[in-house]
Structures are given as C-alpha cells and as structure tokens.
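First comes one chain, alone, set out as structure tokens in the form predicted alone.
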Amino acid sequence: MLTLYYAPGACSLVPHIALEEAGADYRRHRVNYAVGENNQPPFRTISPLGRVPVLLTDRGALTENPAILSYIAQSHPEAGLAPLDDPFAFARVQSFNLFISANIHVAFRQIVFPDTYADGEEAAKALRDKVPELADRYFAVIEQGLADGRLYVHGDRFTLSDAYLSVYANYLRKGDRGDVSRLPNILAHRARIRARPAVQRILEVEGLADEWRD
C-alpha cells in the first residue's frame, strides 16, 4: 500500500488530492514539524532534505511533486488524471507542473524560507519583497492560458495540473504574493476545483475546509 507523508497546508496537498481523485488505496502519515519529525533520522532516510511530500511505494520512496504526480497517474490509469496514451499531451501536463514547481513554488519559498537563498534580515526582506512581482509574472502566463474559457488547465478534462494549480491559487489567499484582481480566470478555476468532492474530502482531512472556502 502507498503511504503519503504530508504536512497540513504544505505542497504535499497536491499529491494528497491526486491520490484521492485516483481512488488510490493509500495511508497518510502526518509529519509533525512542530516536534522536528522532519529532521529526525527515520524521515530523513526517505526524504534527505527533510521535506514533504514523500510517497512511499513498495519499491521505495518518491520525492518531488512532479515525479509523484506522474507516478500516481501512471499507476492508476483508470482515473484518467493524465493523457497517458498521448506522449505530447502528457509532456504538456508535465511541463505545466514543472512550471509551478520550478517557478511559483520557488518564489513562494522566498517568503517562508528566505534563509534557504540568502543570509541576513536585509536579504530576507529583499527576497520577500520580490515575490509579488514574480507571482504576477508567473500567474499571468497561466491566466492567459485559461482566457479561452476552458474549464480546466488542459481543456475540458480534469488532470494533475488542475490539482497543482488549485493549491497554489489558494496560497494567494495569504495576500502577500501577487495581485489577485488580475486573475479572474484562475480564481474561477480555483472555485471550480474547490467544489470537487475529492478536494473537499482532503481539505477536511488537512483542516483547511473553512479557511479555503470561496
């Protein structure tokens, strides 16, 4: 059986949603950051950097959201979370997910963990102050992609990319990472995905149902 190591509200929410959408048989392990579980040897064995998510499979541990999501889609093809029969279309899904991972995720880490990138309060402030500009730039690309009225990131069908986008669009609620007034299509998408039964179940599990209510 699969085991997802997660922390409530962290980026591990993305595969948490994907597993639920896939109807996967899986267990959850909540990593207790408050007591430093993420830095203790048992967890560091499967996550060398001490980060969630980790998906433990019968062949070993997987880290990094794009890889975990691809594994979920390919090991549960009946769920239709990615166009597995079309190499180009599948690559488009991966490209979108990597865009969030390599750009938006990194920008948001500058707010929460600025010391990852530079030392000192002055540097930390500069990193945080840069985030709204970066967020506006990156989300504008996605906003334009949704401007043709499509319901989902890649057209008329829910995929892994919709789970990924919805989580990061919800982080915009914090008010310190971009101008949401520029993003009507993304906000509409966020509400649409929020209404999905699988998403509602996972938000309840992670204690986010009220905070992330549109």
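All values derive from a computational prediction rather than experimental measurement. Quick note: we count residues from 1 along the sequence shown, nothing fancier.
The next section is about a form of this same protein that is not shown, the form predicted in complex with a small molecule.
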Quiz item: Applying a 4.5 Å heavy atom distance criterion, does Ala10 contact the small molecule in the predicted complex?
Solution: yes
Quiz prompt | Contact flag, Tyr33 vs the small molecule in the predicted complex, heavy atom cut 4.5 Å | solution = yes
Quiz item: Is there a heavy atom of Gly50 no more than 4.5 Å from a heavy atom of the small molecule in the predicted complex?
Solution: yes
Quiz prompt | Exercise: Asn65 in contact with the small molecule in the predicted complex, heavy atom 4.5 Å | solution = yes
Quiz item: Even though the small molecule is not shown here, does it sit in the predicted complex so that Tyr152, Arg190 and Trp212 each have a heavy atom within 4.5 Å?
Solution: no
Practice problem: Please pick, from Lys130, Arg137, Arg109, Arg92, the one residue with any non-hydrogen atom lying within 4.5 angstroms of the small molecule in the predicted complex. | Solution: Arg109
Quiz prompt | Option from 120-128, 139-147, 101-109, 83-91 whose residues, in the predicted complex, bring a heavy atom within 4.5 Å of the small molecule | solution = 101-109
